[in-house]
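Given as structure tokens, the chain that follows is alone and in the form predicted alone.
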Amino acid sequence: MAFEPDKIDLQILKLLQENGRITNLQLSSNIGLSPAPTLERVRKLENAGYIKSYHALVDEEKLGIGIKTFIQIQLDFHTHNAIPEFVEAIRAIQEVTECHHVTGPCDFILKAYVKDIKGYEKLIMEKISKIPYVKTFQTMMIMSTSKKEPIVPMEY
């Protein structure tokens, strides 16, 4: 039988999403368990794949990344390998941080970060447009972001 998280496990997931650096002692205090069973629950969540990894959320503007884009891609499906080969090619492009296979007028939506317009031009001309299955693409520059929530909503 597969592991199914209970209410306490969901509280742990919420707290770890809010602060991945929380100590086990703080976590145990917040959920009302002693440290040993709390740590055991965290390890069980990790082993079951509910917790994939821990990351620092960085400020891309302070790093000099001035352009964020969404790029809609429409593929030319002349071979049955178009999707997996496209995805493999996209995985190799460092500037693309997200790739979503979607429904609607395009096949994929990419999220990409570049330093400036020259970086964007290089991304398009030297990387994305050279992928054999790309039929058309349309870029939407992100002007500003009013919500960027790293916490996955869950029922508690």
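On a predicted model such as this, the values are computed, not experimentally measured, just so you know. Don't overthink the numbering: it's just position in the shown sequence, from 1.
Note that the form predicted in complex with another copy of the chain isn't included here; everything after this is about it.
- Another copy of the chain in the predicted complex is approached by residue 152, whose closest heavy atom lies within 4.5 angstroms of it.
- Contact annotation for residue 111: at least one heavy atom lies within 4.5 Å of another copy of the chain in the predicted complex.
- Although the partner is absent here, residue 50 sits close enough that one of its heavy atoms falls within 4.5 Å of another copy of the chain in the predicted complex.
- Contact check for residue 105: a non-hydrogen atom falls within 4.5 Å of another copy of the chain in the predicted complex.
- Annotation: in the predicted complex, residues 76, 123 and 128 none come within 4.5 Å of another copy of the chain through any heavy atom.
- Annotation for 120-134: no interface residues with another copy of the chain in the predicted complex [heavy atom within 4.5 Å].
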